[in-house]
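Before any questions on how it binds or moves, here is one chain, the form predicted on its own, in structure tokens.
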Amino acid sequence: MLRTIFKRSSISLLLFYLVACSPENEIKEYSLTGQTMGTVYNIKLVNKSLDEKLLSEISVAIDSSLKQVNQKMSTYITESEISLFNNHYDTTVFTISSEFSQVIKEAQRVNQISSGAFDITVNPLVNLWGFGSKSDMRKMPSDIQIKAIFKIIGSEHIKFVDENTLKKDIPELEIDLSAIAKGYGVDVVVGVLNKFNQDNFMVEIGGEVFTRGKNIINEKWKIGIDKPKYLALPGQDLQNILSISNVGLATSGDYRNYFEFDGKIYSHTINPKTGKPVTHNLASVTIVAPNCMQADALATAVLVMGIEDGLKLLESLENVEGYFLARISLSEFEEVLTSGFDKYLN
């Protein structure tokens, strides 16, 4: 479980640092770690003996692929693709890479199916409330300030001219991919491992996860879901343990990043429609989907939408399930599941 400059995660990884051996078939678990996207990645490979040369090749390929993701999607790199687009204060066309195009298209798709709950242009509002990278304090903005920000945001103002060309209707419009880029990064690593013919692994970047095959004890991978308690340490108190394989998983919550003002708690999760933090009692939502990028984006969207609308959305999607924790009190939570989520419960 890791803290990250991107979206705070609510997942605790239950990793088994064991080596299972038998005379007939020696199986081992190998760990690869490194830094990316302002956080740390953790990868577990379960296989017969892998020589150091192959492990080194896998590690180098993973680092190289994640470096490319950063170079395209990190707002902290001045010459990254996203930074260049954000600094393109013009409505003329802007050429983008196929990878960047893939992420923007998924972001726009989730924006549409969530009726605008997921919006990659909302970062100016996040900064206004003091939660973003351009803010040094949490604060209560005025309605006039919020209304002014609405003039320079909105995913509908980003348009594809063709597959690899974007334009924006508003010169000042900027995008931030922090609610989807880690999930995409996980999927990129999965692609690398597939090329190396790895069948049993777990990939985690800042809490976003994809698993394939079985763990070291020949079971599905175990992922712990934290109780969304304010001030609780990651992994300190688990609400449930999931068993997953061959799916992506992401969790969004309201309790890792917040501030209190006049006795009221304000979450970092901003509703793009109101320009203010969400006010419902949905404390966290965990999404299981075919890939991690989709799970990552949907987790944020559903946290904004709330339980009723979020359930309707997830039930309408194929191969997507959700696990909701609604806050009853500071330490009590109600579980709400989509119709097909039971199969992931341990």
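Just so you know, these numbers come straight off a predicted model, no measurement behind them. Counting begins at 1, following the sequence as shown.
The form predicted together with ligand ADP is left out here; the points below concern that form.
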Residue 154: heavy atom within 4.5 Å of ligand ADP in the model of the complex? no
In the model of the complex, does residue 289 come within 4.5 Å of ligand ADP, counting heavy atoms only? no
Taking ligand ADP as it sits in the model of the complex, is residue 192 near enough to touch it, meaning that at least one heavy atom pair lies within 4.5 angstroms? no
Does residue 122 reach ligand ADP in the model of the complex, with heavy atoms at most 4.5 Å apart? yes
Heavy atoms, 4.5 Å, ligand ADP in the model of the complex: which of 238 to 246, 176 to 184, 222 to 230, 88 to 96 makes the cut? Say which one. 176 to 184
Interface residue in the model of the complex among 103, 270, 209, 73, criterion: non-hydrogen atom within 4.5 angstroms of ligand ADP: 270
Of the options 216, 188, 126, 158, which one has a non-hydrogen atom that comes within 4.5 Å of ligand ADP in the model of the complex? 126
If you look in the model of the complex, which residues in 297 to 323 sit within 4.5 Å of ligand ADP (heavy atoms)? 300, 304
